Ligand code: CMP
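What follows is one chain in structure tokens, specifically the form predicted alone.
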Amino acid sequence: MGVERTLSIIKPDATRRNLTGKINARLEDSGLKIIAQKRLHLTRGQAEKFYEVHKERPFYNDLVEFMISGPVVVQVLEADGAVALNRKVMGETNPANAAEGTIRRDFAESIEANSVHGSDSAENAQNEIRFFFSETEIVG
């Protein structure tokens, strides 16, 4: 598979409960290296643009509202097969279906407030990383 990068977002439900360190420890313990990270409060425009692919879905407006409800931590993760590895560590979108020991199983409040976002493909990872980071902010 080779070394690749993926985007991770620690969502407002997790930052509100001070879980950033615990989530980062899970990511790092799994072999993912955090090579860029910043805490920010998304504007409505940023959230709408980032989640534009879901614009026609019924949950879009609620997702945007949730993502601007508090600070998030955006990160670039790197590892062999980083996209798949991060998705395994996160667990299923619905925490009720997530495996024991995954971030979503252990920390999510609901299917909507599921604590983390991760890129779903290498191509989307590249686009999502570019959305939040310049090359000079990524230090491998």
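Keep in mind that this is a model prediction, so the values were computed, not measured. Start at 1 and count along the sequence shown; that's the residue number.
Missing here is the form predicted together with adenosine-3',5'-cyclic-monophosphate; even so, the following discussion is about that form.
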Please pick out the stretch from 73-81, 37-45, 103-111, 23-31 that is in contact with adenosine-3',5'-cyclic-monophosphate in the predicted bound form, where contact means heavy atoms within 4.5 Å.
103-111
In the predicted bound form, does residue 93 come within 4.5 Å of adenosine-3',5'-cyclic-monophosphate, counting heavy atoms only?
yes
Please check if residue 88 has a heavy atom lying within 4.5 Å of any heavy atom of adenosine-3',5'-cyclic-monophosphate in the predicted bound form.
no
Considering only heavy atoms, tell me if residue 98 and adenosine-3',5'-cyclic-monophosphate come within 4.5 Å of each other in the predicted bound form.
no
Find out whether any non-hydrogen atom of residue 68 is located within 4.5 angstroms of adenosine-3',5'-cyclic-monophosphate in the predicted bound form, and reply yes or no.
no
In the predicted bound form, which residues of 47-74 put a heavy atom within 4.5 Å of adenosine-3',5'-cyclic-monophosphate?
51, 54, 57, 59, 63
